[in-house]
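Quick setup: one chain, the form predicted on its own, written in structure tokens, and binding and motion questions come after.
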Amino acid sequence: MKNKKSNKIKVGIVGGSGYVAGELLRSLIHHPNTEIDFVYSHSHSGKKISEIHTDLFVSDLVFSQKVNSEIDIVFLCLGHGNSTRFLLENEFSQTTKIIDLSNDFRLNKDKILKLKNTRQNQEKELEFVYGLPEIYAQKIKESNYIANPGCFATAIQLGTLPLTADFPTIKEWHVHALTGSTGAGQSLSETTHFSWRNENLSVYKPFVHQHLGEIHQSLKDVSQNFEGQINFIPMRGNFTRGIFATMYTNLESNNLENMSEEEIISSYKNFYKDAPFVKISDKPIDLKQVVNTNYCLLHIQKIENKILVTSCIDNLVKGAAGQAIQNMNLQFGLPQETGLTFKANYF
């Protein structure tokens, strides 16, 4: 459904004051096929968007305390657990598409939400599809409800999926990844203060990060034989945005020691031949190449009996808002790149 007067997709945003919502607004304001209908914020109702997102000073949008239930699509930019509560308390039309950016519906065990439809006095189910376009594009096109992937999960999955899919003997991945401070959200905590974060590094949630479940789930989808271990060490970086991840697996222990580097790189290029936002670099990569873009940049190299994959994304764009818009484009039959061809902020 589109706005008949303007022929544009009418968009609503719930939870409009955080970093991810700010990125959504920045992109959707300039998206050629969208019109922002409302930006819901309980705490900032009535304020201009630019009072909170000061980089959007060109916009006259105002935060709303009302939700349009007949909207074409709504993005939920709420804290983990809050999306479920919001959907239980607010009813949308049968045709409204929903993209949730929390982790409420990412896992198969959580993907169905049962709601009471007061209009028809009956129960209905919302079944969410995991929104990683590089492997689930067709399902995304056919679904009204999308669970947007986590930022670490996106970078790690895009680095590990091709080898895992093509070579089912893969048993184990070792992953080390640094994220910028915006990955922790806008609310202040001890580890987000500038005086703590600046010129500092730290490990958190080693081997137990919440994104591991969705990573395992996708690897299992592309390789039914995958029963492997993902040894993931997440780190807080002393920069604001981006994820720089390195991952390796031992070819000898996976019975792949005779594979050449060229064969493995060819496997990656073939896997992503129809993925407009995944690029394979022939040279070593750095984080600034992807900051402010919706791209995932990969570099693959064989060193003795190991394959090392480096994966870089912007955690707020490809890791959140940009990927959500990419999913919206698929849902409405638009090219995936629509409104997302940003240049990196290299300097």
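Since we're looking at a predicted model, the values are computed, not measured. From 1 onward, residues are counted along the sequence shown.
Not pictured, yet referred to below: the form predicted in complex with another copy of the chain.
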Give a yes/no on whether Val39 approaches another copy of the chain to within 4.5 Å in the predicted complex, heavy atoms considered.
no
Should Val208 be counted as a contact of another copy of the chain in the predicted complex, where contact means heavy atoms within 4.5 Å?
yes
At the 4.5 Å heavy atom threshold, is Tyr295 in contact with another copy of the chain in the predicted complex?
yes
Under a 4.5 Å heavy atom criterion, is Ile98 part of the interface with another copy of the chain in the predicted complex?
no
Scan Ser266, Thr84, Asn144, Asn231 and let me know which has any heavy atom within 4.5 Å of another copy of the chain in the predicted complex.
Asn231
Going by heavy atom distances of 4.5 angstroms or less, which of Ser260, Ser202, Gln224, Asn255 would be at the interface with another copy of the chain in the predicted complex?
Ser202
Want to guess which of 246-254, 132-140, 157-165, 266-274 is within 4.5 Å of another copy of the chain in the predicted complex, heavy atoms only?
246-254
Heavy atom within 4.5 Å of another copy of the chain in the predicted complex - qualifying residues of 25-47
Arg26, Ser27, His30
